[in-house]
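Look below for two forms of one protein chain, each set out as structure tokens: first structure 1, then structure 2.
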Structure 1
């Protein structure tokens, strides 16, 4: 994963302005902010709302509706663990909760060393290979606790 730029309100205004001419600019703006900063900073919400002439509450609703627009920086690596029905039926929930307990982490949070963010995802389309996960955008089927531990160790040492 490439390093994101630190938050810069002036740069955010440039990004927002560059996308205002698009039809339905909210999502392109959010994607561009995430690409630039690695997340959508809370400070960007009022800027976007003002530029789009909508309330801050409406803009906040858009940002929080889409799971891919994280509102705080992610770790250097991101592990998404499927919590959909097929994966649950194959023991994913207990496996994931045990893994989070070993890391002393909650869903959506990042390890203290910044190496790994663990998120829930609701279907990766790998139902025939349940339980499944995605590590830095790469799908992994038939995941078990040992594999999760190896990914966490890999993230830490990378």
Structure 2
């Protein structure tokens, strides 16, 4: 996973203004900020509100509505495990809960060493190969507990 840049107000302003020519630029801007910084920092919210000429409250509402725009940095790696029906038909729920229990982690949280964030996802469109997961953006089909453990181990060392 490419390392996220530390918060830089000038850089954020640059990113925001680069998208202002688009119709309805808010989501493209938020995605670009997340790509740059790894999350959507609180300080970017008033900047965006100013640039888009909407209130901070409205902007806050947009950022917090979407699951993807995490407002705190993730761990160095992100593992998304599918909880949707198809994956449940192949035992994903138990597999995921057992894995979280081994890591002593809850959904959406990061391991204490900052190596791995584990998130629930509701369908990756890999329902032909349930259970499925995604590790740093790479899709994985027919995942099992041992494969999840390996990924957690891999996350620690990189």
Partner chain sequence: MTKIYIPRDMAAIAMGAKRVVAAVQKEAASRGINIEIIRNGSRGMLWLEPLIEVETPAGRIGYGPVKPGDVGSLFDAGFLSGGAHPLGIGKVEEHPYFARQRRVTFQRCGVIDPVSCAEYIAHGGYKGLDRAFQIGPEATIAEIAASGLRGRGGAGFPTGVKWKTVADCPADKRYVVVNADEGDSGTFADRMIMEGDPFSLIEGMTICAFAIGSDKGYVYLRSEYPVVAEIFNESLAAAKAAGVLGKNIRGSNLSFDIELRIGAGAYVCGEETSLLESLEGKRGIVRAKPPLPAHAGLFGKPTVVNNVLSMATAPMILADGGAAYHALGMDRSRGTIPLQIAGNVKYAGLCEVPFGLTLDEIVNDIGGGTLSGRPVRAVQVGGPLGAYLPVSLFDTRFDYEAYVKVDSLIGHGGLVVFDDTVDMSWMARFGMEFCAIESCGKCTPCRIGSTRGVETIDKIRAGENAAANIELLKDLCNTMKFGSLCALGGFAPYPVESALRHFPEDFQKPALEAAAE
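Numbering follows the first chain given and starts at 1. Every value quoted in this text rests on a predicted model; they were computed, and no experiment measured them. Basically, rigid core = biggest C-alpha set you can superpose within 1.5 Å across the two forms.
In this pair, structure 1 matches the form predicted alone, whereas the other structure does not.
With the core held fixed, residue 140 shows a CA shift below 2 Å between structure 1 and structure 2.
Taking 2 Å as the criterion, residue 109 does not count as shifted between structure 1 and structure 2: its C-alpha moves by less than this amount when the rigid core is aligned. Of the two rigid parts, the smaller turns 20 degrees against the larger between structure 1 and structure 2, judged by C-alpha superposition.
Note on residue 60: its Cα is shifted 3.7 Å between structure 1 and structure 2, core used for superposition.
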